[in-house]
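The chain below stands alone and is given in structure tokens; this is the form predicted on its own.
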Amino acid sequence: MMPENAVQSAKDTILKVEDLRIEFRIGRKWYAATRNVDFELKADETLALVGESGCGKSITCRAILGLVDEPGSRTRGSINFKGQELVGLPDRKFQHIRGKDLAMIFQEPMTALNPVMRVGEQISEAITSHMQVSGAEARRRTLELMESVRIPAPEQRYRDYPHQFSGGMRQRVVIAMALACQPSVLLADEPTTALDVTIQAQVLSELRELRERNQMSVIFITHSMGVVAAVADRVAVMYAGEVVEVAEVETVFKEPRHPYTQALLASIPSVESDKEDLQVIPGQVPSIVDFPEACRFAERCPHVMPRCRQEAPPRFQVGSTEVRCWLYESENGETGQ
């Protein structure tokens, strides 16, 4: 019989991604944009997916939503949502999940909104596409959603078009659409990138409140460690299409394990630092056609060893941190490939 705490732990996992590999065909060859992507999302938590632009954060979330498998691309591995395997799920079945149980806030609201459709109607459509409600009930819920994301005068703004909203207000419309069916998991793809600093802080604060109020789990994509500190419970660090470290947010900032995570934190400017103090990560992220089979960070790593260029490291458990780096081979046993 399983211990009670083990049963509770199993119940807490709402989404589990294992060995996710997303490949694209370029010419006659297939190239892995991601590999070794492993992480879990617990109930009522925010997991930050962090890394440089092009590291695979957005494509990973698109795979969770079933938006990758098209001609010239394919997905391998496992994405388990509440006990249901999503990899290979037919799109007609995915349509019942996407938008209802799994919803996404896209990075640029103007591309996520229909420019010739009133914003209220777009939010209402997100409701009626998954719920059997009347037009009047959909409108009522839409007005409640607009108020909940702090869009002023929702009755008047219901009939406005996207171009009549500021960037911050457009992002609130997109958030309202994502929350329309009260999803279990919300994926937020850098939702504050296009906003000024003041509006960014407001939107982040509102997302935290909405998560707690709706008891959602959130995957928050960002390249900013400042945003990570503000929103995350746990962090999955990605580099060149791989998850290289997963840990509690406090642990990542106090005891970063992977050399890439250490370099990422060292490159953050502080109030006291001047231009000479700023550290950069030498070299460049390899392109998808040049990804090595061994450690993808080896050519930029200050601790590189011969083995790093010969073999990809498995996951090692170091305290509460999971890390893919040969430096930790002697500290603990591996948790899996």
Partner chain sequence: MLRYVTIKLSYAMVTLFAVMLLVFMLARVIPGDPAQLMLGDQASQSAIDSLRERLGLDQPLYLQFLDFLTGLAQGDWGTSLYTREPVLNSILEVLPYTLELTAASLLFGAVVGIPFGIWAALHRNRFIDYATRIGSLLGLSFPAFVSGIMLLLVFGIWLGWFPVLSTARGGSFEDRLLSLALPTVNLGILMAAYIARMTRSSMLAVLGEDYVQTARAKGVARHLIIRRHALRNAIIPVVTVIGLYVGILIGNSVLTEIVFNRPGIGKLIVGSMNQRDYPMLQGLMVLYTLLVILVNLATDLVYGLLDPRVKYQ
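Here the structure is a predicted model, which is why all the values come from computation and not from measurement. Numbering follows the first chain given and starts at 1.
What comes next is about the form predicted together with the partner chain, which does not appear here.
Here the chain stands by itself, but in the predicted complex one stretch of 146-154, 208-216, 100-108, 222-230, 100-108, has heavy atoms within 4.5 Å of the partner chain. For the residues M131, A201, A266, M117, the 4.5 Å heavy atom test against the partner chain in the predicted complex is passed only by M117.
With the partner removed from view, the residue among A240, A126, A247, L86 that has a non-hydrogen atom within 4.5 Å of the partner chain in the predicted complex turns out to be A126. The partner chain in the predicted complex is approached by Q122, whose closest heavy atom lies within 4.5 angstroms of it. Contact check for D91: a heavy atom falls within 4.5 Å of the partner chain in the predicted complex. The closest non-hydrogen atom of R62 lies within 4.5 Å of the partner chain in the predicted complex. Taking the partner from the other structure, the partner chain in the predicted complex has no heavy atom within 4.5 Å of any heavy atom of F253. Counting a residue when any of its non-hydrogen atoms is within 4.5 Å of the partner chain in the predicted complex, the hits in 60-74 run R62, L65, G66, L67, D69.
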